[in-house]
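In the block that follows, a single chain appears as structure tokens, in the form predicted alone.
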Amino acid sequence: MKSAFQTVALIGKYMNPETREQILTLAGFLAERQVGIFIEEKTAEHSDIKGYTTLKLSAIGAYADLAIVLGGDGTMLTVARALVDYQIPLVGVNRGRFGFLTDINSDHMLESVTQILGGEFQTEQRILLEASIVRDGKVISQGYALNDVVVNKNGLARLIELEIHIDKAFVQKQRSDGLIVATPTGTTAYSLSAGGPILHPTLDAIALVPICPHTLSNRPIAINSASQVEIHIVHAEEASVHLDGQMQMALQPGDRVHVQRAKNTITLLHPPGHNHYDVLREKLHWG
């Protein structure tokens, strides 16, 4: 049977012996089915994997039909941001635990990959956010986030003061530990621990969730994903912006963080029978 994907890239969590064995097992499995294999460059280097063609992460989208990510949700976040400009679908294999993004259990890896290669899968589009930091009228940094863009105070610094505009309309001024701008995907991450709502991952919406606001009437709100959000740093002793908790930049009073939906989406593939509510029930220990 001809595979639905002719070339597959394997990307793993670095410096993990178990991941190395899983990658080698999966690579051998794909080779038997005459599927072209690429190993992400750093994955091969850190896992001491030889004998396969390697590619930089940034080049995978131009050469592979499918990317299989072995690790955790953090690894998937990194890969999603790197490949956002391509239409390559992603599959996540979690090492023994149920992940929100890497939802294939490693114990059933080969069975699930067989189904996906045979064209049996569910497709899901996930939106990303694009954030730009503007200082003195110039964009000094920008990047993507699959989970969230977070503006917050650092260390033991005092509350920061933020002014928020949506589509150029003033919304509020708040004193708090910070603000989370989350995609539906990110509403089960940091946003959830801050009291934000859980949005279904296919919703065209963005959640704005204050972090420990001084005034309890500052509540989380959900807005249309086409909205443009501007966060003005009015006062802060120490503050920074984080993208997916992995990219950080220091902020100064007067800086503005512009957040909007990215032009492209990320495509996730799930085995047949995938149900988002099953994932929530498993991860959040619902009865």
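Numbers follow the displayed sequence, beginning with 1. This one's a predicted model, so the numbers in the text were calculated from it and none came from an experiment.
One more form of this protein should be noted, the form predicted in complex with another copy of the chain, which is absent from this view; the next part is about it.
Not one of 36, 40 and 94 places a heavy atom within 4.5 Å of another copy of the chain in the predicted complex. For residue 224, a non-hydrogen atom is located within 4.5 Å of another copy of the chain in the predicted complex, even though that partner is not displayed. Another copy of the chain is not shown here, and in the predicted complex it never comes within 4.5 Å of any heavy atom of residue 254. Though the partner is left out of this view, residue 200 does reach within 4.5 Å of another copy of the chain in the predicted complex, counting heavy atoms only. Another copy of the chain is not drawn, but in the predicted complex it has a heavy atom within 4.5 Å of residue 194.
Of the candidate stretches 68-76, 107-115, 212-220, 132-140, only 212-220 has residues with heavy atoms within 4.5 Å of another copy of the chain in the predicted complex. Note on the partner interface in the predicted complex: the residue among 190, 121, 86, 144 having a heavy atom within 4.5 angstroms of another copy of the chain is 190.
Residues from 245-265 that approach another copy of the chain in the predicted complex with a non-hydrogen atom closer than or equal to 4.5 Å are 245, 248, in the order they occur in the chain.
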